[in-house]
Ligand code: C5P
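Single chain ahead, written as structure tokens, the form predicted alone.
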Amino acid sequence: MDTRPPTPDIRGSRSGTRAWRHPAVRDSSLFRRPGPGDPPRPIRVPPMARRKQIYEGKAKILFEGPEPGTLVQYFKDDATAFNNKKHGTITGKGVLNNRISEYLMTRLNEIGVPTHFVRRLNMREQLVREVEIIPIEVVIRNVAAGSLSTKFGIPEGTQLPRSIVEYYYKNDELNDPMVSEEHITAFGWASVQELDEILSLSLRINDYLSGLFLGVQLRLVDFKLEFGRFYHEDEDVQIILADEISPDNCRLWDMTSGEKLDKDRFRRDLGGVAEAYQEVARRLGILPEGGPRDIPGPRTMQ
């Protein structure tokens, strides 16, 4: 019998209370509070095979970054559903999600929402700030769908009277149970102040993304967010948006036809998953007519 303790989720876990920086690293801009005004800076990133793997999840792999306090986030083509009970591969999904998440994180950075995103490195990788992940998934619902419709018998597609925010404890073995604010604070997953900041940021992100998608004739039905603690050099701790924003964790429906352009096409065996993701990218203006080939990334976000 294997008596070794379970491997902890070390995505963004830290060996100390603040980001350590080697004396040879002269530029500390990566560790300052994210904001406009800093010039882009070249960063050499070694090939993926030479980098130390930190964590592998269902859809992404995290590698050690080129400098302390950074990670390289690699997007896979793997697809899972129903708490990892259904598996599949969607060719090109990782490329599309990398591009879509880059675009949305950049837009959020521009309106002052702090995120872990630094810049896209290539077709499948992006440089991100290392954070201590808070083990809570935040789900914002604008329209009845999925488990909300099932649990409460609300017809799918019903517009909710107001946006509903739900919290889920990130634990695959427990099937990510829904939890209350009392659970979160009582068990020490986040403080009252941190939870207030998470809620405020979540609602702000929802307002912005709802308008952004509406502008390209997409209905943001619901989506999932993850947050982490970012440790600044001055020992200040900031709650920032982490993970990704893509059709993997957003429900996106065409405004006119109601066609699903998200991971539900995989969950429900509707087919055309890659084409749906490409359509989202095309509407956002980040997919060339020739398909998901590589194009230059944006300036580094500091």
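This structure is a prediction, so every number in the text was calculated from the model and none was measured. Just count from 1 along the sequence shown to find any residue number.
There is another form of the same protein, the form predicted together with cytidine-5'-monophosphate; it is not shown, and what comes next is about it.
Site residues A145, Y168 and R251 are all in contact with cytidine-5'-monophosphate in the model of the complex, judged by any heavy atom within 4.5 Å. None of the heavy atoms of L195 is located within 4.5 Å of cytidine-5'-monophosphate in the model of the complex.
cytidine-5'-monophosphate is not shown here, and in the model of the complex it never comes within 4.5 Å of any heavy atom of R51. Proximity of K224 to cytidine-5'-monophosphate in the model of the complex falls within the 4.5 Å heavy atom cutoff. Contact check for V139: a non-hydrogen atom falls within 4.5 Å of cytidine-5'-monophosphate in the model of the complex.
Picking from 102 to 110, 202 to 210, 215 to 223, 118 to 126 the stretch near cytidine-5'-monophosphate in the model of the complex, with a 4.5 Å limit on heavy atoms, gives 215 to 223.
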